[in-house]
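Presented below, as structure tokens, is a lone chain in the form predicted on its own.
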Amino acid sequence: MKVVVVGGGITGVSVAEWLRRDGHDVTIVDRVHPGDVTQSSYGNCGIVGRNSVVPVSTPGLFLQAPGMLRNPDTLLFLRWRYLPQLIPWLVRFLWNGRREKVYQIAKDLSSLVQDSNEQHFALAAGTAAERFLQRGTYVTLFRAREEFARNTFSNELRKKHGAVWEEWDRMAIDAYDPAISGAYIFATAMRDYVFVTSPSKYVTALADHFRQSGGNILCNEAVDIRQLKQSKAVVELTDGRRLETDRVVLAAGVWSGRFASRLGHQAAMESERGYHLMLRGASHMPPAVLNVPDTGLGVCPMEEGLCFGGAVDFGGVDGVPNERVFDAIRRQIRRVYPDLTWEGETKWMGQRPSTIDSLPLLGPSPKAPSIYFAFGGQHIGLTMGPRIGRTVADLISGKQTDINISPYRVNRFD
């Protein structure tokens, strides 16, 4: 079977590689090569979050958000002129933060992330990408134990879906990383957490293996995707070429929404723009990844430097980066590592494809059955990319999937 995968990020490459292993003739189409700096797969914090079951919208968020927007040190930003366009999505997003709905979303997220370690190692096995997968302890820092205890709802939700952690005092934090600010006197630690030491090189290595093993990569931009008669589909490119194929997989992240709309579906998706600062020549590197909730930062030691990522910036897909976000990240870095110095930095901004219920859209379109959706990874696209890839590949290959895909059905917002 011939398959065209539109999108060459971690999800698209994962779909393509699993399809290739199933014996299909697969082509990835993207305007840039997989691993490019413009992709969302490039800019994440490298954390494979097997316990990332708490959705973005949770009980009480609508009450907390105004104060967060007013606080210059909170990594939540809004382009006010974009608010009229954002409101319809935002209202539905906040409505999905009610308690009973969050319980269900967490269960559905768990199906996609609980075996993420195994999914990444299975995808990377026997490829040059393996070396970028490392194991370490995932440490979440708090300024007091009471700060941790206030997150009862999220803590219980994670525990319900398999999270196990140790509780550390300041002595244990010092034994792990004495450079962390003394203001943090309590932490939780999760062992055997996987992180990616260079997301860009990781995706590039997977794509190179796919191509060297017989897959095709076409650097071009898809401008239209349509269902044809006789169970075929077509992808039209900017240079006028038409790729007729048996199946199309739409895995273009936040840009997938425009194609979904043309096919008659509501993706109910918005870009939660994320930022990172990659510090080159940092004077200190932590042993593994850190999560610092009071700063909104994730911290990961990478081959390119020390990565500090975070922020949610609502400014639309086509908006320019907000320099105020980088200033806020620098201030927050000082709260975590007050004595840190560095020689240079690389700034990055990318688009998180976030649906109103924090769940991706997976599977065939009922209105265009030769076209499959595989997008909507929100803040954990790197984590769930290989799982989504294998699931969609199984669907196309006619295999029985090992998870129930109905919560992610592509027409649930229509």
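From a predicted model like this one, the values you see are computed outputs, not experimental measurements. Don't overthink the numbering: it's just position in the shown sequence, from 1.
Although it is not shown, the form predicted in complex with a small molecule is what the next lines describe.
Worksheet item: At the 4.5 Å heavy atom threshold, is Pro360 in contact with the small molecule in the model of the complex?
Response: Flag for Pro360 set to no.
Fill in: Contact label in the model of the complex: Ala222 to the small molecule, heavy atom within 4.5 Å
Yes, contact at 4.5 Å.
Worksheet item: Hey, in the model of the complex, does Val249 get a heavy atom within 4.5 angstroms of the small molecule?
Response: No, Val249 is distant from the partner.
Practice prompt. Spell out, yes or no, whether the shortest heavy atom distance between Arg387 and the small molecule in the model of the complex is within 4.5 Å.
Written response: Contact with the small molecule, no.
Item to complete: Using heavy atoms only and a 4.5 Å cut-off, decide whether all three of Ser181, Val299 and Pro301 touch the small molecule in the model of the complex.
Response: Verified in the model of the complex; spot residues all out of contact, no.
Item to complete: Would you mind picking the one in Arg79, Lys107, Arg135, Arg258 that has a heavy atom within 4.5 Å of the small molecule in the model of the complex?
Response: Selected option: Arg258.
Worksheet item: Though the small molecule is not shown, can you say which of Thr355, Ser365, Asn44, Thr58 has a heavy atom within 4.5 Å of it in the model of the complex?
Response: Looking at Thr355, Ser365, Asn44, Thr58 one by one, just Asn44 meets the 4.5 Å heavy-atom criterion.
Practice prompt. Please determine, with the chain shown alone, which of 271-279, 165-173, 207-215, 241-249 has non-hydrogen atoms within 4.5 Å of the small molecule in the model of the complex.
Written response: Result of the contact check: 271-279.
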